[in-house]
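What follows is a single chain, given as structure tokens, in the form predicted on its own.
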């Protein structure tokens, strides 16, 4: 799914507000939106449409926030945008739950960026390598036996 028009504008501004300040460095915001597009592409079409609608709804609903003075999220300065989203996330109800889930999704996309991972010291590769080696050592005999059983001729095939 490619984010376009008002949905992209709303998602961009949303990401700038909910992600760490590093999101504005270089082309990170565009890359976060690229990750978001990949995530949304894995959803059913109805779910993608719903996510897009929630972005636009959050963008337009900012007009009702007192500090927005009738402006949508995409037009708010950083301070007003942050105040609006904090107020939205703090209130009870469905709107806050939807905004919270979108925030989680967008922030997760931010931390998929290699430089964001490096900044927080997250490097899963050594762990993955160690676990893979340990599992292979522990289960290699079972794996070979299963593979041999799968590759063996079917004993029922000759009984026809």
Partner chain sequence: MSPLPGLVGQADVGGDIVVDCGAVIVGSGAGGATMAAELSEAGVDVIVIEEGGYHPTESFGTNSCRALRTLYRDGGGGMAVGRPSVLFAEGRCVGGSTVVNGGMSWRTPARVLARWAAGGVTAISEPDMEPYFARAEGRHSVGLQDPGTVGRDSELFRGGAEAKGWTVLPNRRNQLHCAGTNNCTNGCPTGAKRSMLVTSVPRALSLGARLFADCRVDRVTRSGAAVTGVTGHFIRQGGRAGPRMTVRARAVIVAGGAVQTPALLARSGLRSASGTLGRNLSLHPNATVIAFFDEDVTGWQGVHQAFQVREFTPEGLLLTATNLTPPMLAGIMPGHGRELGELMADYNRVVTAGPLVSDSGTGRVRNVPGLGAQVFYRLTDSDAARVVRGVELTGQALFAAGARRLLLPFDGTPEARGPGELRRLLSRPVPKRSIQLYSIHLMGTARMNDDPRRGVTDSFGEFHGVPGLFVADASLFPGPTGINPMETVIALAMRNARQLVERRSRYAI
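Being a predicted model, the structure only gives us computed values, none of them experimental. Positions refer to the first chain, counted from 1. What we label the rigid core is the largest C-alpha set whose atoms superpose within 1.5 Å from one form to the other.
Quick note: we don't show the form predicted together with the partner chain, though the next part is all about it.
> Heavy atoms within 4.5 Å of the partner chain in the model of the complex: does residue 31 have any?
Residue 31: no, not in contact with the partner chain in the model of the complex.
> When the contact criterion is heavy atoms within 4.5 Å, does residue 11 count as touching the partner chain in the model of the complex?
So residue 11 does not count as contacting the partner chain.
> Report yes if any heavy atom of residue 137 sits within 4.5 Å of a heavy atom of the partner chain in the model of the complex; otherwise report no.
Because no heavy atom of residue 137 falls inside 4.5 Å of the partner chain in the model of the complex, the answer is no.
> Test of understanding: in the model of the complex, would residue 85 fall inside 4.5 Å of the partner chain by heavy atoms?
Yes - in the model of the complex, heavy atoms of residue 85 and the partner chain come within 4.5 Å of each other.
> Within 4.5 Å of the partner chain in the model of the complex, counting any non-hydrogen atom, which residues from 109-133 show up?
Heavy-atom contacts within 4.5 Å come from 109, 111, 112, 117, 120, 121, 122, 123, 124, 125, 127, 128, 131, 132.
> Has the Cα of residue 21 moved 2 Å or more between this form and the one not shown, judged after a core fit?
Where the cores coincide, residue 21 shows only a C-alpha shift between this form and the one not shown that is less than 2 Å.
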